[in-house]
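Take a look at this one chain, the form predicted on its own, written out in structure tokens.
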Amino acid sequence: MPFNIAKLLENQKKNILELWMKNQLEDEGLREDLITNEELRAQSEELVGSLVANIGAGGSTDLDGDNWSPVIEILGGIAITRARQGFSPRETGKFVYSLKEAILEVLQEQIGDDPKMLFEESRKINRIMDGLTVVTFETFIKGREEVILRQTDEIAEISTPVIRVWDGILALPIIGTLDSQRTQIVMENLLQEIVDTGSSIAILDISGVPAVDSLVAQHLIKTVSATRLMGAECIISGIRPEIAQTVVHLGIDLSSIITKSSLASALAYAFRTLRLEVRKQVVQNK
């Protein structure tokens, strides 16, 4: 009677699950701060059930086949979730690797007296589980990239706040390096705020920009031009002595742009432009 690996795995499904759970719970690197034992068991049980059912349905070891889609979908969901929860690639990889160890251990117990059959079936399981491990890493990396991109966008939004300092006056302090992507965010936020508030003056404060080169200067000029097209005047403040020297040495022409050494100077200029007067009131004690 020919050996039926699918039937063996189906009969040993509970044993495989318990052995796999035992291996995971005994691991010193188990992240109980990120996942509960109940959640871990639910994930493990779902994956074991799908894997055994797929092999029982005559699934080949070629993971590109449509028959492996349910298993890959479950494993991909687990990998994405773990990427978002903060698991490391090593911790996620061990999740699948420990399942392979559990299956191979059960095969050893059940057909260890037939070395040739054990070798053939173990090789099939190794091929399947190694392929699933690769899928897990690929999906995990995509999940981490999504997390990083989202965090980058959130940081960019936080680091480019448009502040309404007075009626008709906006200020946008820029901290850090100004690249093409960030310039786009700066322009979008600033132009939208000009529309929303009807402001006529915008102050770009570059006190927090570590250095200004020709590329940064071009980004600033583009932002100023876009602001003017919206009918608002743009002032660049925070021009430190070293930045002024760099601009001169690079031959960058900022003569058409209003520049000030500090945000206070830019704000004072904006007040004069709008014919606003700020007076210091002296309160006398009665």
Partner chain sequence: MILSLSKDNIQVQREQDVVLLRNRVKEVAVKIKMGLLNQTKLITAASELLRNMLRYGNGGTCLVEIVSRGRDNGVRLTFADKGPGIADIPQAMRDGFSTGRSLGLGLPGAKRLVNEFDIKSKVGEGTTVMILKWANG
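Positions refer to the first chain, counted from 1. Owing to the predicted nature of the structure, the values given are computational and were not obtained by experimental measurement.
One more form of this protein exists, namely the form predicted in complex with its partner chain; it is left out here, but the text below deals with it.
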Looking at the partner-bound form in the predicted bound form, is I206 within 4.5 Å of its partner chain by any heavy atom?
no
Answer yes if any heavy atom of V71 is within 4.5 Å of a heavy atom of its partner chain in the predicted bound form; otherwise answer no.
no
Tell me, yes or no, whether T177 is in contact with its partner chain in the predicted bound form, where a contact means a heavy atom of each within 4.5 Å.
yes
Residue-level contact is defined here as any heavy atom of the residue lying within 4.5 Å of its partner chain in the predicted bound form; does Q43 satisfy this criterion?
no
Among V162, I128, V212, V106, which has any heavy atom within 4.5 Å of its partner chain in the predicted bound form?
V212
Identify, from the list L172, I78, V96, V216, the residue with a heavy atom within 4.5 Å of its partner chain in the predicted bound form.
V216
If contact means a heavy atom within 4.5 Å, which one of 132-140, 178-186, 106-114, 82-90 is the stretch that engages its partner chain in the predicted bound form?
178-186
Checked 219-257 against its partner chain in the predicted bound form; residues with a heavy atom within 4.5 Å, sequence order, are E242, I243, Q245, T246, H249, L250, G251, I252
